[in-house]
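Structure 1 and structure 2, given next as structure tokens, are two forms of the same protein chain, each shown alone.
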Structure 1
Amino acid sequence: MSPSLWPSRICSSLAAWGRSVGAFRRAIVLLLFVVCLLAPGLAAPALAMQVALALPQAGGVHQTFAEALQRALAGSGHTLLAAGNLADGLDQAVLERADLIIAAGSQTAATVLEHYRRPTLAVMLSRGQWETLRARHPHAALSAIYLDQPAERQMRLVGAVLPRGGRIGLLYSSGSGEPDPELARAATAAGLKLVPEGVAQAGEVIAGLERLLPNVDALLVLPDPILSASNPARSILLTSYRFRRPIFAFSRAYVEAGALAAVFSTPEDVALDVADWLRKPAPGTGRLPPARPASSCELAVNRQVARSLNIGVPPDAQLRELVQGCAS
């Protein structure tokens, strides 16, 4: 099934109306119909769409995303319809008539895909979750803007803080698969060497860190269904500090908690990305964009940790320049 969004419904409506009117009008309708069919190939403004937004629950970061998207779409001509949330109930009517469903969170996307055959853009989820969704719904009109940062962006940050290069450890849960090979390539490009260390379960975190940390200059932590939980994260932070190794993380919360620095995308960044795509008529000519990370990002640095570990982190502006494309 083609993931086109709007032409088929509008054109089929025109065709149905044309059959019911006189010859002259039918000619006009036919002309419109032809234009309609050709429209996807023209650089014409996108037609206004009914965009349904489904959230996992009210409030929190997803609400922040919803509000940011509302602001970003103001004046775009598209209509953003609140389709409720998983916790309080989804609005079936809104979802059924929408031209596009934006599903925030993996569970929301999974639920929407199970029940509605509408083009769906999943947001506010991890790359791993996106890949699981795609695998479960290989033929659905589906795409995603995921939160994981591109490997080269991550490594540019590490390289900017450790300009002399070095070895960057990566702790990952082996049950989630091997690390993205792109990470090792990006590390090499940034003058670093990636040293991965897999652990099977949360109880092995300290053992893994004790194997890894003596041999690396810093630790990279990525979102992980096992290691990102509260208690393993606590052990990771404290053990790394015990070894005086800085942590490069994936969220502002991790930096607040004691990581040295992170590159990440906020709900606002994702909302702007979605709005940018919706405002542009040309890309994909109405098709869903290819799945990709959010193009905007932000940087966070814990300068207290940097000071305590005697690591000279460049000033924010310089760091932004070095990492490229991120605000701080």
Structure 2
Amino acid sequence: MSPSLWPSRICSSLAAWGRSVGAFRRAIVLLLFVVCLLAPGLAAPALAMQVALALPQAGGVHQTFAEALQRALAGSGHTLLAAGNLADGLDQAVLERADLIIAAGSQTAATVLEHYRRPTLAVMLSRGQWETLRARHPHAALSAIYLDQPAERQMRLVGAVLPRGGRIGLLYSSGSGEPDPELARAATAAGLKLVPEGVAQAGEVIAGLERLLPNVDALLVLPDPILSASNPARSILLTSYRFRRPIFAFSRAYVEAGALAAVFSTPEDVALDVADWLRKPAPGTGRLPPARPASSCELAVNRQVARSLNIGVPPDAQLRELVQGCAS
């Protein structure tokens, strides 16, 4: 008998038995009957899934995500299956039998979507990369939890540091698409003005910054497949420091390298979001969650950079309250 059918069969038997016994036993049967009615919601094995996890390579932040997801799913009833990585090879058998594929990184997701027709959740990628995947695979069962922070969260951080009326520059690679319109709206709501500047390739970063930085008070840097690479990132840090413009970035590593502050989601944050979704009843129906940023976030501030630029940054506790919902 299917696990999803046994509760109704037993409940029917209990109901029939309850009509033929005395009052005391009838009360016991009634209690058992109520438990039976709740049993479908408790029958986790009926909803349990085989979840394949594909990575771009072993080690690094993607391995951190994998280990965090393994811990977060302990006791959930779901089985997390290692499906290999792009560098060493993906496990075709695991991917073909999976109920759900979790693909870490945009290239991993692109490869999975090209070869496997399974529901796929892409993680550890930028919003721009997610939108590219969606455009290339419009009919695929696909969703994502991306690394970009909600526009309001980003601008609350900038607004906690810059005075009202401040101008915040945004450097982006034009190949990744236009900036999210919500950024400009959130900037306006925070009393700021967003000034975007697009560059076509990594070699144009310095020229783009030299056009942008004289006209703004600070620079916002978002996850970007071109600008996040090591050489463009180094050019962004050095050029911004030459113009004495603070950088609001997207990772703790960026802050440690010289950005003023960042609001970001860690691999552990993303893993907890995935696990929370998998623990809810919806995954058993095969429906993917809407694409969105991670729910949890953290803050990092480089106070040495703040002192060198003579910028007053609120204390950590106050900053957390202003940004709302982030740890530091």
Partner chain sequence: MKRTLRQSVLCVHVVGAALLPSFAASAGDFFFDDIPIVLTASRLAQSPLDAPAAVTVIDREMIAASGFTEIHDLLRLVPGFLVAQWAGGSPTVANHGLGDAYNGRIKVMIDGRTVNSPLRGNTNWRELPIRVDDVERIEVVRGPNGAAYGANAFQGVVNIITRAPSTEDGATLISRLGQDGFYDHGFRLSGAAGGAVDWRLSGSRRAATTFRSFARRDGSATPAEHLLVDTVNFTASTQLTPHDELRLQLGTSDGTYERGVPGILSDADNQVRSRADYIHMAWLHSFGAESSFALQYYRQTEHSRPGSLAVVELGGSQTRLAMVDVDVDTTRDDLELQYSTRLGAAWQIMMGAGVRQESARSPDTFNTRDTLYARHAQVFGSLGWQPLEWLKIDVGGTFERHDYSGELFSPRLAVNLALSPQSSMRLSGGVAYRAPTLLQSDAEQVYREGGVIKALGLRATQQLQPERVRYAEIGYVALLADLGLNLDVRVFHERYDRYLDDRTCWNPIIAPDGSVVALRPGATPRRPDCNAPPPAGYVPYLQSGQQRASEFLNSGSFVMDGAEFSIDWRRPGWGRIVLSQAFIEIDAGKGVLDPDIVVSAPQAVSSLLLIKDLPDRWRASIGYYHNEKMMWLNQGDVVPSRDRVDVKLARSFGPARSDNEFAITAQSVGGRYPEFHEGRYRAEPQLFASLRLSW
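Residue indices: 1-based, along structure 1. Here the rigid core means the biggest group of C-alpha atoms that line up within 1.5 Å when the two forms are laid on top of each other. Note that the structure is a prediction, hence the values are computed from the model and not measured.
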item	value
Label of the structure corresponding to the form predicted alone	2
Rigid-body rotation between structures 1 and 2 - hinge position, chosen from A262, L125, E197, A66	A262
Smaller rigid segment rotation relative to the larger between structures 1 and 2 [°]	11
Core-aligned Cα shift of Y172 between structures 1 and 2, given in Å	2.8
G203 CA shift between structures 1 and 2 in angstrom, with the core used for superposition	4.6
